[in-house]
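In structure tokens, one chain follows: the form predicted alone.
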């Protein structure tokens, strides 16, 4: 089947671009080797972590760094993208709470406070300004859930001046004997009997300790988290909030499912498990891509393409032992530091970050890829998200913001 647009990659950038094209009436397919950053990020929307007022900082940034993806997409695209993603989440009963003009400070699985602009409604009761009201907070978890340690989280919160205690709950009887991953526990929380048993434990702890709120790992259901939080609040007599765990990210999965429903409603197709091996085209036009299939390659045709495979951290860019960084799907030129010796700073935790993480694909104002001579490689390809050059999404704390802004822009071009 021929498509008008094929999006390569199923992260926030790719899904936002696909939704925009599909809602314009195009035949759209999302082709991806696997799930994108939603499944390993916190499920929040980081716009710019280096400033208390992210939108204000972004407005200044676009004036001083014209090659930054925010400058290429435009602040208006970011604002429209935020409205759209909030609408997508709201449509499945999973509202995102926040303000682009003020970062929230949310506890992590280590008890640190992390700035972010928008969080799921299931997390908002744990914002630092609420934790600081002087009333005690309980951090609760399960021994069976690996990598979530309530005593450690509570101790680190206390070190920052917040009244907090940590406790482990007793796992209600279940048929499983091992492998309690975040996804497995999230499915358990969708069982009324499981919730009721934990709710009784939480109520007893609240009566004994007078806790005003309870922080739980962000595994309170896959599809009905808001209702689960509401029920646990009623059972325990305290406010409930989720704390992101290590991957797999259940809040990120919820956001992915919200986009999946929106894309399906708009008529788009998702093909997860299609590893794009190479492209076929004649400059300046990409005609087809080939993905890995059982014992053969599958050829895909489209009029327009969006590359949303991620950067160095996401596997869209790969460094070879020769010192060359390759773009893995279409073989596009990658802008990197001049030599391998320039990839990293001398100090591992250098505040300026490592130059290699700013490597990526240079693009023009329409997000079309450029070669070393600033000539357009393909006129019918747009590059979005972390595959773009001239920014460090993790250090700058703008992973989701850039993904949404550039994905929205590509969906409207």
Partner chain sequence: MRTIETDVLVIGGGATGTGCARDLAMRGIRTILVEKGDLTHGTTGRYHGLLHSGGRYVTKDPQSATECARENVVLRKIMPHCLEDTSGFFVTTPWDDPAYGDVFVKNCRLTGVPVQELSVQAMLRREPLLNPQISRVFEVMDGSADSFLATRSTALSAEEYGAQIWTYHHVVDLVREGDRVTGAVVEDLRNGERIGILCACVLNAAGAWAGKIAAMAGVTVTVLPGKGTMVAMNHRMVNTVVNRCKLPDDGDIIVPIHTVAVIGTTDVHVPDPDVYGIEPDEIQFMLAEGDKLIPGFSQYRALRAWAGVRPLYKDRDVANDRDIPRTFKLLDHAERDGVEGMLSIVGGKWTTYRLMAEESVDALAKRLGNTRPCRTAEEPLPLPPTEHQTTFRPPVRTTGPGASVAAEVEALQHAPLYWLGKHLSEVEHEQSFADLICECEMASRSRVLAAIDAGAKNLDDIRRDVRMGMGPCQGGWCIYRTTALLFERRGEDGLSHANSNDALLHFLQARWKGLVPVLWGDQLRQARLDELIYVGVLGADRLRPIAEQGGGLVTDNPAVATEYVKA
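What you are looking at is a predicted structure, and each value in this text was computed from that prediction instead of being measured. Positions refer to the first chain, counted from 1.
Keep in mind that the form predicted together with its partner chain is missing from the display, and what follows is about it.
Asker: Mind telling me which stretch in 341-349, 66-74, 377-385, 360-368 gets its heavy atoms within 4.5 Å of its partner chain in the model of the complex?
Answerer: Partner-contacting stretch among the options: 341-349.
Asker: Going by heavy atom distances of 4.5 angstroms or less, which of 235, 128, 319, 92 would be at the interface with its partner chain in the model of the complex?
Answerer: Checking each option against its partner chain in the model of the complex, the one that comes within 4.5 Å is 319.
Asker: By the heavy atom within 4.5 Å rule, which residue out of 115, 172, 333, 199 makes contact with its partner chain in the model of the complex?
Answerer: Only one listed residue qualifies here, and that residue is 115.
Asker: Heavy atom to heavy atom, is residue 261 within 4.5 Å of its partner chain in the model of the complex?
Answerer: Contact check for residue 261: no, nothing within 4.5 Å of its partner chain in the model of the complex.
Asker: In the model of the complex, does residue 160 come within 4.5 Å of its partner chain, counting heavy atoms only?
Answerer: Contact check for residue 160: yes, within 4.5 Å of its partner chain in the model of the complex.
Asker: So, residue 312 and its partner chain: in the model of the complex, are they within 4.5 Å at any heavy atom pair?
Answerer: Judged by the heavy-atom cut-off of 4.5 Å, residue 312 is in contact with its partner chain in the model of the complex.
Asker: Using a 4.5 angstroms cut-off on non-hydrogen atoms, would residue 147 count as touching its partner chain in the model of the complex?
Answerer: Taking the distances in the model of the complex, the answer for residue 147 is yes, it comes within 4.5 Å of its partner chain.
Asker: Given its partner chain in the model of the complex, answer whether the residues 40, 156 and 393 all have a heavy atom inside 4.5 Å of it.
Answerer: Per the other structure, all of 40, 156 and 393 touch its partner chain.
Asker: Residue by residue through 43-78, tell me which have a non-hydrogen atom within 4.5 angstroms of its partner chain in the model of the complex.
Answerer: Those in contact are 49, 50.
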